[in-house]
Ligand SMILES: NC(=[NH2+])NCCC[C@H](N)C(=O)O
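Coming up is one lone chain in structure tokens, specifically the form predicted alone.
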Amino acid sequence: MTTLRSVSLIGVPTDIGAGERGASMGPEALRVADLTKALRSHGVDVVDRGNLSGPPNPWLPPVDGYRHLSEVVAWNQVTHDAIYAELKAGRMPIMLGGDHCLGIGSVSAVARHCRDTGKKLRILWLDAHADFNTSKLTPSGNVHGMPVACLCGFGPQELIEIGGQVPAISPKWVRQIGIRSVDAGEKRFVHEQDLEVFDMRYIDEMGMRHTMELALATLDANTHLHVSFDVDFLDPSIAPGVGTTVPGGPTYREAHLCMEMIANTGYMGSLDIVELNPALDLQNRTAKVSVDLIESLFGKSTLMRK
């Protein structure tokens, strides 16, 4: 186990890659839900770096299969630079999104840091969606459905080369958990690229404990564990404040077990929290649940056994 770390919160207030407005308010909702105080209660040194800035959302239709490509590139570039700077300074970055297209900037920065330091990388993608669309496969052109594909080198040049190496990651480093909504063409592509997906049927059959044991298998002290937490991973009954709700997600207890098992490894080195949309929420409930789960990632446990 590593010692409790120095954490930097980085707000990225944009819904540039989403199909619904409002994720731009996510960072503030997490702050209102007292994320900083919650982390400090677990002995974590927290610095809130405030919000990054980038172009406004023009809310236009897709061009050549992508919506708002130049704006998406701009936001991901500033995200990459901010996350990379924190890692270089020996701090753990927590990206407060924003929509999930920002995973491109965030994960490419983490991958770059791992190349610098000779570390292996494992990415846990907690999500209802595989996010493995391309301009040819996407029904919408929304880039928040494409980050994993872009990170694996399938996407527009400007996006796939942000971290300085194409592809930024190998599909072998990714474990997707909670998946339950995948487009038909995207499903074929996921199989072709051999992504490791623990979908909801797998979790139903095998349980969250077995799922997480496999997802976390073979980690060691030379592995950087990155967690990309899309709030739509959760069942909408506990987390209604997202633009892309899909029924049948992990329950409150399953989600906590997932987070506690990640915490137990001691290897988490960076975190994204994305797709929180306060405009669709009920009294900031989804932000509060998210903060609660993030506490479990930092060692809060109901464990009463000796």
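In case it trips you up, residue 1 is the first one in the sequence shown, and so on. In this text, all values refer to a predicted model and were calculated from it rather than measured experimentally.
This protein has a second form, the form predicted together with the named molecule, left out of what is shown; the following refers to that one.
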Identify which of 77, 223, 170, 138 has a heavy atom within 4.5 Å of the named molecule in the predicted bound form; exactly one of them does. 138
None of 196, 199, 183, 161 but one has a heavy atom within 4.5 Å of the named molecule in the predicted bound form; the exception is 183
When the named molecule is placed as it is in the predicted bound form, which of 149 to 157, 103 to 111, 229 to 237, 86 to 94 ends up with heavy atoms within 4.5 Å of it? 229 to 237
Please determine whether residue 178 contacts the named molecule in the predicted bound form, using a 4.5 Å cut-off between heavy atoms. no
Taking heavy atoms and a 4.5 Å cut-off, does residue 122 contact the named molecule in the predicted bound form? no
So in the predicted bound form, does any heavy atom of residue 275 sit within 4.5 Å of the named molecule? yes
Should residue 270 be counted as a contact of the named molecule in the predicted bound form, where contact means heavy atoms within 4.5 Å? no
Across 122 to 141, which residues bring a heavy atom to within 4.5 Å of the named molecule in the predicted bound form? 127, 129, 131, 133, 138, 139, 140
